[in-house]
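In structure tokens, the next block holds one chain alone, the form predicted alone.
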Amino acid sequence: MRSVWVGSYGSTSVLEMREMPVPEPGAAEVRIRVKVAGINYADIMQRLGLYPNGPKAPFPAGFEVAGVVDQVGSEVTEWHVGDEVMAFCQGGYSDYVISQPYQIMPKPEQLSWHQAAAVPCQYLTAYHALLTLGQLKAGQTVLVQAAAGGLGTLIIQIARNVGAISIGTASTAEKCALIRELGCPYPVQYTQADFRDVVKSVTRGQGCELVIETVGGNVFDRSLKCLRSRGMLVTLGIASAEVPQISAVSLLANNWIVAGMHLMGYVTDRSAMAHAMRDLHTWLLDGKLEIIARHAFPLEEAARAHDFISGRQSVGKVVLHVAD
């Protein structure tokens, strides 16, 4: 089978296609024939060697897929050959992957394969960052950095669905128009305006209850100052590759909370996952959640897809098309 590997840490030139044996599932494992592999910024950080506790090179790239169950181990009872699923895995940029039963979810029939590949990482991250960890409530205000990406567009919609007010940053007027359509009443084109001024105006100087931050560096520092007393900043990534430093004195003086979130810590929380999947299906049925997946690259063009994301050209989810 085909499998894209990170041969060593570095630029997209380190991504290489390898021919590998089709993996055999163990007694408690499931094999999935991949149709679409999701690409996440975490993949880029792993490729660069910047992901906390990330895999050591060389390693197979990707960890999120949508596809069809192809084979199940003898101890697996909850999944069957032919089931259409979404899943976490190792080496998702491949024709076949092995996954654990608890890492697999049924594919909603309303979603295309490209859309389904956004659910395991991006939808669940958005949901748990906002609601499970962030405890966002109706009437509260959330600042969302990189709001037009695959993760950001979901965060904006979930915030709207629970009655919260979002302030979202994006790089172009077109991206700002998109997030406004998705329910963000205060889009900010950060190349033209300072999001701190917008936060101050919208919250009447009080600041946001919640900030979702994915960039790091100076953006992290400025985002932190957008919090109100007892507000929380949730950091989900460091797209700038500039690791921020936090002053404990600032946290003490302002009653600020800074929380890191790694999705795998939530996947084993059955109650939290049940709530997330229940709301996903409800919002899809009610037409209150649109998973935007406009960009699909062939598996052989994984490097170009990474460059596309790093160049801030993407809107919504970016995926690799593996099989029809």
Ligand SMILES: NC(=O)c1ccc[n+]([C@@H]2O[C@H](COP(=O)([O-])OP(=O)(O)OC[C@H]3O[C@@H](n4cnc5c(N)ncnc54)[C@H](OP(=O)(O)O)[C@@H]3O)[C@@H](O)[C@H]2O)c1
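Computed from a prediction, not measured in an experiment: that's the story for all the values here. Residue numbers run from 1 along the displayed sequence.
Heads up, the form predicted together with the ligand isn't pictured, but that's what we're talking about next.
A.B. asks: Assess the spot marked by 175, 236 and 261: is the ligand within 4.5 Å of a heavy atom from every one of these residues in the model of the complex?
C.D. replies: Judged in the model of the complex, 175, 236 and 261 all sit within 4.5 Å of the ligand.
A.B. asks: Even though the ligand is not shown here, does residue 190 get within 4.5 Å of it in the model of the complex, heavy atoms only?
C.D. replies: Taking the distances in the model of the complex, the answer for residue 190 is yes, it comes within 4.5 Å of the ligand.
A.B. asks: My question is simply whether residue 90 lines the interface with the ligand in the model of the complex - judged by any non-hydrogen atom within 4.5 Å.
C.D. replies: No - in the model of the complex, heavy atoms of residue 90 and the ligand never come within 4.5 Å of each other.
A.B. asks: Wondering, does residue 171 line up within 4.5 Å of the ligand in the model of the complex on heavy atoms?
C.D. replies: Residue 171: yes, in contact with the ligand in the model of the complex.
A.B. asks: Taking the ligand as it sits in the model of the complex, is residue 256 near enough to touch it, meaning that at least one heavy atom pair lies within 4.5 angstroms?
C.D. replies: Contact check for residue 256: no, nothing within 4.5 Å of the ligand in the model of the complex.
A.B. asks: Name the single residue among 125, 157, 141, 115 that comes within 4.5 Å of the ligand in the model of the complex, judging by heavy atoms.
C.D. replies: In short, 125.
A.B. asks: Just to confirm, with a 4.5 Å cut-off on non-hydrogen atoms, which of 240, 132, 71, 103 contacts the ligand in the model of the complex?
C.D. replies: Result of the distance check: 240.
A.B. asks: Among 194 to 202, 147 to 155, 224 to 232, 246 to 254, which stretch has residues with heavy atoms no more than 4.5 Å from the ligand in the model of the complex?
C.D. replies: The contacting stretch is 147 to 155.
A.B. asks: Any residue of 202 to 219 with a heavy atom within 4.5 Å of the ligand in the model of the complex counts; write them all down in order.
C.D. replies: Residues within 4.5 Å: 214, 215.
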